[in-house]
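Only one chain is included here, represented as structure tokens and corresponding to the form predicted alone.
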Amino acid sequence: MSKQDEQKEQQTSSAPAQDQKGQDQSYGAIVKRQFRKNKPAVWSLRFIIIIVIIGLSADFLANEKPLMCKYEGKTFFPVFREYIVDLGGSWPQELSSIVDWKTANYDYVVWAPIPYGQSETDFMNANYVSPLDDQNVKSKRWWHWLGTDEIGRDVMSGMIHGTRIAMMVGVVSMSIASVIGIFMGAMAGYFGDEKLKTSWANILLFIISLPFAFFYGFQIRSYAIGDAFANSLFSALMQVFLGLIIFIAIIVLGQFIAKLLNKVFKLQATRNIPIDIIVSRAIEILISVPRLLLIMSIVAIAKPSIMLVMVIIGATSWTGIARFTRGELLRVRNLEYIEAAQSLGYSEWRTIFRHAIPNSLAPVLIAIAFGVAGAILTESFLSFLGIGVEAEVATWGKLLSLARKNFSAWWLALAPGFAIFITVTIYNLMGEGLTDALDPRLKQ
């Protein structure tokens, strides 16, 4: 065989498999084609992208500060500067003297599309001004397009900033639930009741360090995290990221101390941990307790914080993800590639995180999609009841609760209620699309 024939044969063997129509037959390509057949799921994904963009750019869409202005002969970008101030910087001397941004004597100014902050009050249009009423504004530029509430806060601005809170609650809470659920489910499915062995020092230090990690990572910083969510998305992400670093650092420190204790006191004795039984019973206990009642009980006795709400929702929503992961690990742990990794001498942890879990995440994506919708609905319900969220943070549920004070203020119920309905619906539709696309019986 010539070299050219060998090269052609190698290229043919390395290329992805194709059918008679020339379509890629890899698993990812099949899932994409199957997902595109579901038009409601495709449009739901597009709407989710739009909602995420609105949430990320909330500070630039609705803000009482100018996007750009020329003041006292200098050009400033107040919205961008606010991010620096949130990180510990300061306002320029020229801007620090401004008390009311709207009445300042600018040489040139560019306002946000909605020139109102989420907590700014317009006393000239207070006491429930409808979007159809005559509003006391200088021009259409200052119109309240969705009306105002009792004290004159702009409903449109609250809706835009509430979008950011809804997306953050869904993403952060389900990220926490995914980490817990995937880890616990993987441990239960892979190790079972006999394969996991560790020392008593590791167990005790993990149990002791876990509440300290949560306290110093999130609880003691709840006010700082809540203020960050009220200010800007960037500062909120920074505070959440810092809390995660503190949480992980304390857990790692506890395991490091356990390792030292094992060496110093020669605690070499290990014990089998029936991790499958422990995880399965924990799932059953958590499922048996009404989740909403449990969340309300914890939030009611703790300091109000949006971060606390997200952590509690995530900490109580991992059961479905854990059950999916456990089932998949029970299936793949005896497959050939897992046995090959074990025969090559790879550690159990490398086999789990590099081989077993990545090949078991397809059903988990479905649970996460439905979980995001459930997290948004739960946060909206808590905000509607007025518990768990700081007073200065605008959320869809809090806007919806304002309609209870005045039943004639129909716009306060219509806008947030419609937003909650659409968001929960499109996430459920996307979850159904993922279910169909990942179902091997539907691949054609």
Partner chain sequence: MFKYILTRVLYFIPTLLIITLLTFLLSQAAPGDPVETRLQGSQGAQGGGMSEKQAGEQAYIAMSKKLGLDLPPFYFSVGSLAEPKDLYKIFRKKERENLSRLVNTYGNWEQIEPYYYSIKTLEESLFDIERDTNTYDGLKVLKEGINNLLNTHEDVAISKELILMETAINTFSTVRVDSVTLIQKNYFESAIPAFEALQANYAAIRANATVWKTKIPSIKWIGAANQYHVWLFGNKPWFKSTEDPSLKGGFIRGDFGESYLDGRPVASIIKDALPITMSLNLISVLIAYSLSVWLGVFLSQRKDATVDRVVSVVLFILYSLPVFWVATIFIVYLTTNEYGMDWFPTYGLFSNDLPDDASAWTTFKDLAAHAILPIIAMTYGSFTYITRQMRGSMLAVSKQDYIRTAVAKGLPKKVVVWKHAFRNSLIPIITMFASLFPIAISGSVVIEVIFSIPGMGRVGYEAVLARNYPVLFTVLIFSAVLTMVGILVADILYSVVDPRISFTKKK
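What we label the rigid core is the largest C-alpha set whose atoms superpose within 1.5 Å from one form to the other. Note that the structure is a prediction, hence the values are computed from the model and not measured. Positions refer to the first chain, counted from 1.
Just so you know, the form predicted in complex with the partner chain exists too; it's not on screen, but the next bit is about it.
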Any chance all of K32, F47 and I180 sit within 4.5 Å of the partner chain in the predicted complex, going by non-hydrogen atoms?
-> no
Which of 70-78, 330-338, 128-136, 276-284 sits within 4.5 Å of the partner chain in the predicted complex, heavy atom basis = 276-284
Using the partner position in the predicted complex, report whether R404 sits within 4.5 Å of the partner chain, counting heavy atoms only.
-> yes
With the partner left out of view, is S380 within 4.5 angstroms of the partner chain in the predicted complex by any non-hydrogen atom?
-> yes
Would I420 count as a contact of the partner chain in the predicted complex, using a 4.5 angstroms cut-off between non-hydrogen atoms?
-> yes
Distance check, W145 to the partner chain in the predicted complex, heavy atom within 4.5 Å | no
Using heavy atoms only and a 4.5 Å cut-off, determine which of F256, F353, F212, W200 is in contact with the partner chain in the predicted complex.
-> F212
Only hit among T103, S343, S288, S96 for heavy atom within 4.5 Å of the partner chain in the predicted complex is S288
Residues in 395-417 that come within 4.5 Å of the partner chain in the predicted complex by at least one heavy atom, in order, are L400, A403, R404, F407, S408, A409, W410, A413, L414, G417
Taking the rigid core as reference, does L361 move its C-alpha 2 Å or further between the shown form and the other one?
-> no
Does F247 show a Cα shift reaching 2 Å between the shown form and the other one after rigid-core superposition?
-> yes
With the core lined up, does the C-alpha of E194 move 2 Å or more between the shown form and the other one?
-> yes
